[in-house]
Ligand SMILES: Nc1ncnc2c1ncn2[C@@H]1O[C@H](COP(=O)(O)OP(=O)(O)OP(=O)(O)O)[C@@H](O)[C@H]1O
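Consider the single chain below, provided in structure tokens and representing the form predicted on its own.
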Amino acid sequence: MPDRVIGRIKRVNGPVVEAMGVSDAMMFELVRVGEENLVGEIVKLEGENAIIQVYEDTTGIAPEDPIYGSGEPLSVELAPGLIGNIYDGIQRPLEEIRAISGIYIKRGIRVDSVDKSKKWHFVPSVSEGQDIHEGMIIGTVRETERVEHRILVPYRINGKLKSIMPEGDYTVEETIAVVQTENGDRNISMLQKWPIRKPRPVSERLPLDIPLITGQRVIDTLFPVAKGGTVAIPGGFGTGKTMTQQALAKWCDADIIVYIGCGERGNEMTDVLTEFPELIDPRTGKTLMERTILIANTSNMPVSAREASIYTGVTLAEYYRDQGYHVAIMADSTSRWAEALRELSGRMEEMPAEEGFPAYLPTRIAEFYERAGYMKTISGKDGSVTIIGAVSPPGGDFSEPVTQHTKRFVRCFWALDRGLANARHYPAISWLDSYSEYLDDIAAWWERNVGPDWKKDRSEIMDLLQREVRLQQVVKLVGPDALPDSQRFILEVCTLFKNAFLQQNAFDKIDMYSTVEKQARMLHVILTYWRRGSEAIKHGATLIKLKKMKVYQDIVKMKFSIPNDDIEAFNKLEARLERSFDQLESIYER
């Protein structure tokens, strides 16, 4: 426990504590407040007064109680053992806390974020006498069956490797290497710390031209996100934000998942904590927790810890990015984080802006999303952090400040639609209000890896969906029977596309995940039906005849009937489709 008293409490206002007589303190310094040593952080300094944001319940602390300084900012511990853990907003392991204090978190409790007694099998990858630079990988540890933990040289350590331990078992605090620098010898262990509000440095930013494959057709085909990209998922209560993020966590091709439950209801977070360990990673057959870190900061936990939780999560993600991994962050929900900012700002008596949010809300949102990116790391490896943030606008109003400011700083927007959710159409992502600015960036990847028709086919189906909206307005006035078959066919194809392609069943073993090859072939089959059907109608065929073709039902069922690896089945389906139209057209050409 720090024993350096830097000041005394002057006033307590919920999680905000005003201190007096403060000396030898710095901004964002980690402090302990009162005799119970509550965790806090200095957020404002003015003369000998300071404003402290306390991350625990402040009940019982009083004026004149001491404040102890640590001399360092609020930081997270980075070492093997992070994967599979469940933390609160300031990286306290909840399982270990429960073992000590029961189901309630005792105030002032101090638990190591990583197990300091566990030994890890270290395999060195450098040799004595070698030049060492910051961010360099000097060895590896098998953290889980899926994740190889790469031990990095801490920043600002450059020199010549004086000694390194042989392959063997060591704790995270044991010295595994000694580097001779200009300022003397520096010991390196597997444990390092990093301030959560400071982005970890990289060598350079790389173009975002590789898609994050999610297996969800409405996302990958219509509104894709690149690795290192940013996404907002806005939606009202019950529209499926958490469900969508859980599906992405399970199926996306990121190496590491960091799931941040930021201010969500306790029962929702309980579902996440109980379901995630039971979910099976489809790539390894092992539990999904072998590549997942959970941060749980529910709505009944201290509001200030909620404000810190997303910085904790993104710092852990950057650490694994620096090892050369692709990391996806699920932040659920940034609206609750913004509400925490609003409450803390009000208690600090700052001037409010729109809807009571602080004037610096856009800056904080930008700082968070700017930590995403596809990077060339200092170690020389490529890694990425993709941020997928849920937004919970009150009443589903997308014009409120958090949603509007978030739209300014993200390049992908998956708008959830209540009408689709009520109709049990999942994922309930609106194809009218959503957009992705990564289409041109990743088009070359689709052409190389899937086929040359993806961008053209996507544009054609999006055009059909737009035409359907205009026709639906006419249908509301005069009914569908007043439309000619050529226009009614547009409505029919769009309905087919929504039911046979966009809607996805998370409980069906075949339909829960679609490879990009299957997605492209499904879309091509539907568009072939549209193109040939339009020609057939021009030659006199009726819409009823088109719907009565036997192959039509095969198209409707293809998402359930054709497995991901059976591409030959799509060739046969397309061949049957072409033969059916050839037979139909031959009748009307006589």
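No experiment lies behind these values; they were computed from the predicted model shown. So that the term is clear: the rigid core is the largest set of C-alpha atoms that superpose within 1.5 Å between two forms. All residue numbers are counted from 1 along the displayed sequence.
If you look for the form predicted in complex with the named molecule, you will not find it shown, but the lines that follow are about it.
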query = Looking at 394-402, 423-431, 119-127, 135-143, which lies within 4.5 angstroms of the named molecule in the predicted complex, counting heavy atoms?
reply = 423-431
ask   = Of R321, R306, K241, K227, which residue is found within 4.5 angstroms of the named molecule in the predicted complex when only non-hydrogen atoms are counted?
value = K241
inquiry  = Under a 4.5 angstroms heavy atom criterion, identify the one residue in P362, P277, G236, P154 near the named molecule in the predicted complex.
reply    = G236
inquiry  = Quick check on Q504: any heavy atom within 4.5 Å of the named molecule in the predicted complex?
reply    = yes
query = Are any of the heavy atoms in E264 no more than 4.5 Å from a heavy atom of the named molecule in the predicted complex?
reply = yes
The named molecule contact at D209 in the predicted complex, heavy atom, 4.5 Å = no
inquiry  = Taking the named molecule as it sits in the predicted complex, is E77 in contact with it (heavy atom to heavy atom, 4.5 Å or less)?
reply    = no
query = Taking the named molecule in the predicted complex, which residues of 393-408 have any heavy atom within 4.5 Å of it?
reply = none
task = Would you tell me if D185 moves between this form and the one not shown by 2 Å or more at its C-alpha, with the rigid core held superposed?
result = no
request  = Using a superposition on the rigid core, decide whether the Cα position of D463 changes by 2 angstroms or more between this form and the one not shown.
outcome  = no
task = With both forms fitted on the core, give yes or no for whether the Cα of D169 moves by 2 angstroms or more between this form and the one not shown.
result = no
